[in-house]
Structures are given as structure tokens and as C-alpha cells.
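The chain that follows stands alone, in the form predicted alone, written as C-alpha cells.
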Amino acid sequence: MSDLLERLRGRGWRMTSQRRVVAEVLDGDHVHLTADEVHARAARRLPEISRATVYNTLGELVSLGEVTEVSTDGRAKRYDPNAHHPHQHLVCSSCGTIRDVHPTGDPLVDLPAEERFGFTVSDVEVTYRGLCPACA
């Protein structure tokens, strides 16, 4: 069973066939699918699943904190199931491919006090950009 499915079961989330197939489609280390991509893959497994059900399920998963919405450069939102595993993103500036990366160090700690301007910093997002091997 996937990490996402285990977390959802642990929360007591009602696991309908539609919700299950959306969670299964999202399973994986480097999965960053758009809602339309989730719908297309889910429909291959469960042809009667509607686009609205996929969007509603993704919204619930984001609200629960089990999936993160990733927005880059005005492109379609993508959904990252690795919400409980600290990581950053590496984005191809040409095709939009997104990979999870785990740089060393803690970017939250690395911000000097004088650069915080009195803020109590609670979270940080770093996005690395470049060209993937296919686009380079």
C-alpha cells in the first residue's frame, strides 16, 4: 500500500473507489501531476470517474495537508503527494518537468537574523530552475 493511502487510512478518511484511485494515481516519489493528468490516469482505472470528483478529491487532499499544490511560472497547478517529506523542487524552465530534490542544509536556519526583518519564519520554499536533460 502506498504511503499516501496509509496516511489517509490512518486519518479515517472514507475510502470510496473514486478517492482510492485518485490516491493510487498520485503515489510515487516524483509524481507532480496536473488535475487533468490525474483525471486521465484515474479514468483508465475507473472509467466512470468524473473530472469534478478528481478536482474535489484533490481539494480535500490539499485541505487535509496530505498533498501539496505546486505552482510554477504560471503553469497549471501540480499536485505533490510527498507533503510529509521535506524537500524542494527542481523545475525545467522549458517543459515544466518537476523533480523532488533534497539539498543539504536547512534553508530556514540559513536565513540570517538581519535578513528576517523581524519576521517569525515558519516555512520556506526553494525552487531550483534549469533545463532537464531532454530539453538541454
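One rule holds for the numbers: they count along the sequence shown, beginning at 1. Keep in mind that this is a model prediction, so the values were computed, not measured.
There is another form of the same protein, the form predicted in complex with a further copy of the same chain; it is not shown, and what comes next is about it.
- For the marked spot (Gly10, Thr16 and Leu46), a heavy atom within 4.5 Å of a further copy of the same chain in the predicted bound form is absent from each of the three residues.
- Screening Val31, Leu90, Ala35, Val62 for any heavy atom within 4.5 Å of a further copy of the same chain in the predicted bound form leaves a single hit, Leu90.
- Looking at 78-86, 91-99, 35-43, 53-61, the stretch with residues near a further copy of the same chain in the predicted bound form, meaning non-hydrogen atoms within 4.5 angstroms, turns out to be 91-99.
- Mapping the unseen interface onto this chain, Asp110 counts among the residues with a heavy atom inside 4.5 Å of a further copy of the same chain in the predicted bound form.
- In the predicted bound form, a further copy of the same chain sits beyond 4.5 Å of every heavy atom of Leu5.
- Of the residues in 99-126, those that come within 4.5 Å of a further copy of the same chain in the predicted bound form through at least one heavy atom are, in sequence order, Arg99, Asp100, Val101, His102, Pro103, Thr104, Pro107, Leu108, Asp110, Leu111, Pro112, Glu115, Arg116, Phe117, Gly118, Phe119, Thr120, Val121, Ser122, Asp123, Val124, Glu125, Val126.
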